[in-house]
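A lone chain, given as structure tokens: the form predicted alone.
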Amino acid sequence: MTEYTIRLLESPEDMINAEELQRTVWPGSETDVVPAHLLITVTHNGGIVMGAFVKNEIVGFVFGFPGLEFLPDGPRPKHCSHMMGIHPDWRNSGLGFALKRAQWQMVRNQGIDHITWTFDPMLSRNAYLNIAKLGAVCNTYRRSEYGDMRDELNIGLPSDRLEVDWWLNTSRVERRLGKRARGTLKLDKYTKAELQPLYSFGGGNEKRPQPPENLGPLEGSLLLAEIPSDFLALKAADLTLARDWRYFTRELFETAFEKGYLVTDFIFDQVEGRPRSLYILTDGEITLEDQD
């Protein structure tokens, strides 16, 4: 892999470059671009803006800012990671993981142990990074979090999101980010234990699978919930089908979270030449350490 560097972005020139990168990553909607002046304000007020560079050219960035979460015993600080983008030529290169790891180090140095962010639950690669690689967990589903989005990746669908919790000082996270990182899971671990996915795809073909007509009961300590592995390709081919999947998974996650399940892992695997993408949901009575 080509060598890259990661550093803090602080100058106006840095922020202008990060602004331009957004237009490449999320084309089609100028109103969704976070402007350079706001990025500067964030970094001057406790926020963190970091960039990944190859030969002095920015190819990825991540930024977030301090926030508050309100608990029964009062408010406590957290870091809200708002956006990460990787240039299309550098996706699947490991830069996203490297940027998040750098963010993990910087936020811990601020004395904060909790980062939250949102992502589209239908995007397998994002789920794989956030849940499987980084060790975040989730039990919060947000309907239409950003309203009607107009960029090319999001247009036409409700902007439903999962909000993840990244507990920075847990052994769960440290084992994923340390020098001897925990390997990601394969589907055969569960099939050998005779644990099958909650449902089968309702029809269609490999590239355009149909969601089940009914969710069915959610029972057991572990659940496997499969989604299409390439949702963006499915959406480009059939927007109506993509909406059906959005509403089905909305019901799935909202029902599971209400019953006390958490998203604790994600499988992104090849089985008999076919890509498979499955969420692992764990009953809340089982400790997260049991699922490490």
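Being a predicted model, the structure only gives us computed values, none of them experimental. The first residue of the sequence shown is number 1, and the count goes up from there.
What comes next is about the form predicted in complex with a small molecule, which does not appear here.
The closest heavy atom approach of Trp26 to the small molecule in the predicted bound form falls within 4.5 Å.
The shortest heavy atom separation between Arg91 and the small molecule in the predicted bound form is within 4.5 Å. Not displayed here, the small molecule is kept clear of Trp167 by more than 4.5 Å at the level of heavy atoms in the predicted bound form. Heavy atoms of Leu195 never reach within 4.5 Å of the small molecule in the predicted bound form, leaving it off the interface.
Though the small molecule is absent from this view, in the predicted bound form it lies within 4.5 Å of a heavy atom of just one residue from Cys138, Leu157, Leu129, Val173, which is Leu129. Taking Ser229, Thr43, Thr249, Thr264 one by one, only a single residue has any non-hydrogen atom within 4.5 Å of the small molecule in the predicted bound form, and it is Ser229.
Stretch-level contact analysis of 204 to 212, 173 to 181, 101 to 109, 79 to 87 against the small molecule in the predicted bound form, using heavy atoms and a 4.5 Å limit, identifies 79 to 87.
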